[in-house]
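Below, in C-alpha cells: the form predicted alone, a single chain.
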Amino acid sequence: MSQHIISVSARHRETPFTRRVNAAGVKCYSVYNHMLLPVFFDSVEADYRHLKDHVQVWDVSCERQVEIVGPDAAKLLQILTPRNLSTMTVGQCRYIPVVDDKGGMLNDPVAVKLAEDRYWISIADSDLLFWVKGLAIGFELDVEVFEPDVSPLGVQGPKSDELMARVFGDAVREIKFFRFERFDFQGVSLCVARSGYSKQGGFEIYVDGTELGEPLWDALFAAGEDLNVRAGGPNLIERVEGGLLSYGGDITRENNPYECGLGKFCSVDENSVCIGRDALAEIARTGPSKQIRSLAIEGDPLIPAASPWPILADGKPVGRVSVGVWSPDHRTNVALGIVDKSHWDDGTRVIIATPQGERNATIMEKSFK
C-alpha cells in the first residue's frame, strides 16, 4: 500500500487520545471530519489479524456528533431520514440513511436517542452539521443543533466484552446490540454502546469532554495487558470482508439508499415527512438500476487505489469497484462495487480493469462474513 505524508495544521484537529495514539506507534493517519484518524500501527495486514484474534482500542473521535435538542428534535430527525423512527426508544441506536431532496445519500450515521427531546447523530465523513442546521432554520423548528465535545473511543474484537467488564463491571456484558447504557468512570457518567465499525463485535464509549480521554485509554490498556490489547482503528481488509460501506468512498450523494442496499430502512408512504420522500417513492416503485455488491477478484494481491476500477462484461462497462484488497483469510482479493442490474446476480462472472491488469471476478450477493 502506498504511503503519503500528511501536513498537519490547525484544520486537522487532534483528539483527546492523540498523544496516546502517537505513543502507541501509529504509522499512518488519515483525515476524517477534519480530525486525525489512525489507519494502522504495525501494518494493515498485521492489525487485521490482531483485530480478529484479540482486542483493540480505537480512537474514532472523528465520528463527530451532531446534537439535536429541543421540542422538535424528533421531527427534525424524521425529516432527515426515510427510516421510520417512531418506535425508537431512549437508549437505542439506529443506523439511518440521511438523504437530500432528490433522495441522494448525504451520510449514513448512527442516531443515538439520549432523551425524548435529545439525539446525537454519529456521522460519517461529511459536514452534515450545516445541512441539519439549514433544515432546522428553514422549517422554523424549535431545536438547537450543534457539535458537542464528544469523542467516541472504540473497543473492538473478540475479547472486547472481557476488557470492558474489567473497566466498567460485568453489567456491560448485558448491553444489547445497538443499545447503550450509562456507566460511571472516575465519577463521570458515560454512554457505552454495543456498536462499532467492524464485524468482530465490541463497543463505543462516548467520551464527553477531553479530560477523561487519556485516563480512560490508560485504564483499558492496564486492564487488558494479558488480553494482548493494542491500539488499532477501522481496518480496510476487515471492513471490506464484512461489507461495511464507507461514505465518500463506496457511497456518495450520487447514490440513493436503494442502490446502497438500504431499502429496508426506507418508509416512503404518505405518512413520511422525509425531505426526499417523493424521489425515494419513485425509486421504490421502479426499483434501482444498480446496486452495491461484494466481489471476489482472482489473481495475486491487488494494491488498493484511490480511483475506481471499471467492471466490464463483454468489453462494456457494467459498474465500478470502489475498493479492493487482498484478504489473508479468504485467500482472494475482496472488493465492493456498484453493479448494473443486468449483472448483479450472485455468481455472475465479470472482468475488473485494475491498475495491475484485467482480472476475472465473481459477483457476490452477500459479503464474505
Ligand code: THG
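No experiment lies behind these values; they were computed from the predicted model shown. Sequential numbering from 1, following the sequence displayed.
Omitted here: the form predicted in complex with the named molecule. The next part is about that form.
- Contact with the named molecule, judged by heavy atoms within 4.5 Å in the predicted complex, is confined among 252-260, 200-208, 217-225, 131-139 to 200-208.
- Distance criterion of 4.5 Å from any heavy atom to the named molecule in the predicted complex singles out Y32 from the list Y32, W344, W326, F41.
- The contact residue chosen from V110, I292, I297, C274 relative to the named molecule in the predicted complex is V110, the criterion being a non-hydrogen atom within 4.5 angstroms.
- The named molecule in the predicted complex is not approached by P288, whose heavy atoms all lie more than 4.5 angstroms from it.
- Interface membership of G104, defined by any non-hydrogen atom within 4.5 Å of the named molecule in the predicted complex, is ruled out.
- In the predicted complex, at least one heavy atom of G196 sits within 4.5 Å of the named molecule.
- Mapping the unseen interface onto this chain, Q78 falls outside it, with no heavy atom inside 4.5 Å of the named molecule in the predicted complex.
- Shown without its partner, the chain has S122, I123, A124 in segment 121-143 as residues with a non-hydrogen atom within 4.5 angstroms of the named molecule in the predicted complex.
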